[in-house]
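Form predicted on its own, single chain, as structure tokens, below.
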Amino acid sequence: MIRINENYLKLKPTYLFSEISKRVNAFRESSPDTEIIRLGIGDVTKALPQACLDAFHRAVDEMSQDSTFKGYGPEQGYAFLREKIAEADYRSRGAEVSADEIFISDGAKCDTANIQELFAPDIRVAIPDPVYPVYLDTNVMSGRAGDLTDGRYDNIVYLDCTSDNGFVPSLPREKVDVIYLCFPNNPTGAAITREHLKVWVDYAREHKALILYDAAYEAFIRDPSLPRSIYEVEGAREIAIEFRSFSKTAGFTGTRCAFTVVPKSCMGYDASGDRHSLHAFWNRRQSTMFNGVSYPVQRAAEAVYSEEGRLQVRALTDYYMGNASLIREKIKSLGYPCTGGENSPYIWVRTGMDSWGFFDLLLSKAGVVCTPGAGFGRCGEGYIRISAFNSRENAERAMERIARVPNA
């Protein structure tokens, strides 16, 4: 008899985006003549930057010759990419990160899911609400979450994010060991100031907690006063692991490349209170369970840091932020309070009604797909998330359709 991991039975019955797909497919069958505009899942729609494509092609050509062919690469990633990341994304902004503290991967989603394997099963985890579902679900799978009661897990410390606190959570009132933070935030689009981020860093240092900082959307920050990395805050190297991705930055959602920074000064503790390097643990985990990102993909990612690549990536993110601004202003003109869309490609909209009900209303009456806020947690009820990842034409048409929907 094969015993299962019964923690999987504690997961909520359906994954958010699977339920969205189910409802969209049902609508398509019932209304085959209606063109659907998708502003739900955060997938990009524009092609890779030309600099990345050119580098990709050159690397593929290298793979065609014995003399330049690459087999297994280093699990941590090729030095040529890690050096560019360390310099351009960190040292140029005054954040001390070395190339050998960077681990190249095939996605920030994978890394934020897998990182929890480093920690004991009985640690106390603090997670914002609303939240990207992967943070919570992977801790449920590992057995840390406890039982689901009235929509929340018993052993999770929830950090409520509401309009009252600007969707930036307050410090936990009880002892926690690991804290998940994501800024610019998915799903709310909220950003965090340097001063507020320092409050979290100081808290983690005082309480020997670890911050898992998801900065996958940092390229969309337009306010120069906002931090792009937690390592811009003094002391963060001791208590934070940071995750980033090329998915939204350079359109790599189908190409797959990301990275995680684990400083060598970041420590965990065993039952006796002795310190251990989380960098060494993560390196062992990746070396054992991951064979690295392909050489052509890493060369394509390296091109992001070329002069042409920088300009093209900026143009790409500007395009999506243009959509975000258009959506934000139209939604506000319709009388809906919202946040995001200024330093984030997501607009978080207060609907005044049930999240899934509003989702169904927009789908059935406008043929527009959004994401119900309730799928991100209890504090997301009454909200929807609208994504700016689509063409300008579709963003404009979607807003025109929404404006014509009764009660919307």
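Since the structure is predicted, the reported quantities are computational estimates derived from the model, not experimental observations. Quick note: we count residues from 1 along the sequence shown, nothing fancier.
Another form exists, predicted together with a small molecule; not displayed. Remarks below refer to it.
Among residues of the shown chain, Y132 is one whose heavy atoms approach the small molecule to within 4.5 Å in the predicted bound form. Although the partner is absent from this view, N186 contacts the small molecule in the predicted bound form, with a non-hydrogen atom inside 4.5 angstroms.
Interface residue remark: I41 is counted as part of the site for the small molecule in the predicted bound form, having a heavy atom within 4.5 Å.
Taking the partner from the other structure, the small molecule in the predicted bound form has a heavy atom within 4.5 Å of a heavy atom of K248.
Think of it this way: in the predicted bound form, the small molecule has a heavy atom of just one of R124, R237, K330, K109 within 4.5 Å, and the residue is K109. Contact annotation for the candidate site: F17, Y346 and R385 all lie close to the small molecule in the predicted bound form (heavy atom within 4.5 Å). In short, of 41-49, 354-362, 60-68, 25-33 it is 41-49 that has heavy atoms within 4.5 Å of the small molecule in the predicted bound form.
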